[in-house]
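Form predicted alone, single chain, as C-alpha cells, below.
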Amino acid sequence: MEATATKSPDLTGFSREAVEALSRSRNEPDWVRESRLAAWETYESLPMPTRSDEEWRRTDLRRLKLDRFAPYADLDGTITDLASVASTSEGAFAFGEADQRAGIVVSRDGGAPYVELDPAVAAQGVIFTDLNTAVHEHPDLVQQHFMTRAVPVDFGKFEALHAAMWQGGAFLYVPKGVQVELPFRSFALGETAGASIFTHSLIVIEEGAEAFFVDAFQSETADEASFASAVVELDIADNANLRYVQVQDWGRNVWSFMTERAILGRDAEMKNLQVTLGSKFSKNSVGSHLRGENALAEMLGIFFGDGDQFFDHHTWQLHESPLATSDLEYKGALKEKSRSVYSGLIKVYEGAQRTDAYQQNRNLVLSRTARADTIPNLEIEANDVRCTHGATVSQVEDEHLFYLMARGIPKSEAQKLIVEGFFRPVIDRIPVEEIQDFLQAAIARKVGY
C-alpha cells in the first residue's frame, strides 16, 4: 500500500543528545534517564555486527545507514479515540469490539497512545498500559523486569540501542492466579517516513496466571526509508500460561529488527506465533528459555516474501531444566527476488535430562530468482533426550499443479490453493478467527496470480 507519509523531523542520527532529549520530552524519572544513558554507553562500546559473526553471516548490513534516520518522530501526537485510526486497519490490525478484548494499547509513531482496559479485568489486579505510563505508575515492576532478565541491555548492539531509545509499547502484568481469556491487544502504527520507531512489549505473568497477548506492527509504504526496533520480553512464572501472537506488516521501505525472549518457569506453558509479511529487511531473533521442569514452549512462524524482501529468522530452544518440551515449526514462502534465512538451535544443557525438543523449517520457493537458506542445529549436553529437526526447501511440484488443473482449476488458482495448503497446518493452530482470515487474505494477496 503506497502512501505519502508525514515529513520526518529535522533531527537525524542517533546520539547521546537525542537520548537526553527523548527522556526530557517524556518527563521521565531519574532512574529511567540514567538507564537510557547507560544503555547508550553500552551501544557505543559494542561493535557493529559483521558477516564474520555466525548469526550475521548471511545478513548484509552495508546498506543500513543509521545516521540517516531521525531517532524518533513527533512524540506529541495523541489518539483520542479509536475511530481516528480504525478506518485504516483490517484483519489482524482491526481493533475489534470492546467486548472481544480485555484491553487495548494503540500507539502512532511511538507517541502518546490510546489505552483501554476492561474494568472487570483491572479489578483483579491486572495492569495493562503503555510502557511510558508504567515507568511512572509502576516503577518497581518495570525496573525489575525491563531488559534485565529476558533481554539484557548488553544482549547485542541493536538491543542496546533499543534500551537507549525505546519510545512506545505496552506493559502487561497479570498477578498470581488470575486468568484472563480475552486477548490483550497492542498496536504500533508508523506514519512518519525517515523516522525510527522503538516499540517494547513487556509481559509478566505471575504464578498460576493465564493471558493472551496480540502484538501488531504496521505502516504504509513511503518513499523514504524508516527504522523499526522491537523488543519483546515474556516472563512466565511457575504454572503460568501465555499465548502470544505477533503480526509484522511494516511498509516496504522499513528496516526491521526484532528480538523476543521468553523465560518459562516450572510447569509453565507458552504458545507463540510469529507472522512476518512486511518490511524490506527483517532480522528476527526469537528464543525460549525453559528454566523450569515440565515447561512447554510451542513456537510457530509464518513468513512470505516477495519483491526484493529479505527475512532472517534465528530461533533458540534453550532447555535448562529436565522434563521440558519445545515444539517449533516455521514455514515460509518466497517469490520473485525475495530471500530468507532461517537458523535454529536446540540446546540442551547438562543435567536437562528427559528433554523433548522438535524443530522444523519448511520453505516453498515460487520463482527461480527467490532463495531460501535453512540451517538447523543441535547442541546436546545431556544423554537422555529426544531431539529431532528437519528442514526443506522445495518448489511447487508439477504433479500437484497438473492434478488440480486436470479438474478444471485454472493454473493461477491452483498455485494459490497449493500455497494456502502449505500454510494451512500452522494457520489452523491459531485460536483467533480474525487472524486466520487475515493470514488467508494476506497469503492470497502475496501469491498475486
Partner chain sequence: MFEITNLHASIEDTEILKGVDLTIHKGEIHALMGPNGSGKSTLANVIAGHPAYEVTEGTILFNGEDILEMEPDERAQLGIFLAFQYPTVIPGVSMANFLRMAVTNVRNARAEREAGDGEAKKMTPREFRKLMREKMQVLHMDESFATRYLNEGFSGGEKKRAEILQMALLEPTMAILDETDSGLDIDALRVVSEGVNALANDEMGVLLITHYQRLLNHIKPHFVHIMMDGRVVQSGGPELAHELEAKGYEKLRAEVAATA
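Positions refer to the first chain, counted from 1. Quick caveat: nothing in here was measured; it's all calculated off a predicted structure.
In what follows, reference is made to the form predicted together with its partner chain, a form of this protein that is not presented.
Q: Is Ala406 close to its partner chain in the model of the complex, meaning a heavy atom pair under 4.5 Å apart or at it?
A: Within the cut-off, so yes.
Q: Tyr43 near its partner chain in the model of the complex, any heavy atom under 4.5 Å?
A: Tyr43 lies outside the contact set for its partner chain.
Q: Please determine whether Pro431 contacts its partner chain in the model of the complex, using a 4.5 Å cut-off between heavy atoms.
A: Residue-level check for Pro431: no, no contact with its partner chain.
Q: Looking at the partner-bound form in the model of the complex, is Glu413 within 4.5 Å of its partner chain by any heavy atom?
A: Within the cut-off, so yes.
Q: Pick from Asp60, Glu54, Asp67, Glu399: which has a non-hydrogen atom within 4.5 Å of its partner chain in the model of the complex?
A: Flagged contact: Glu399.
Q: Could you tell me which one of His389, Arg424, Arg33, Arg26 places a heavy atom within 4.5 Å of its partner chain in the model of the complex?
A: Selected option: Arg424.
Q: Taking 4.5 angstroms as the heavy atom distance cut-off, pick the stretch from 414 to 422, 378 to 386, 33 to 41, 46 to 54 that is near its partner chain in the model of the complex.
A: Every other range fails; the passing one is 414 to 422.
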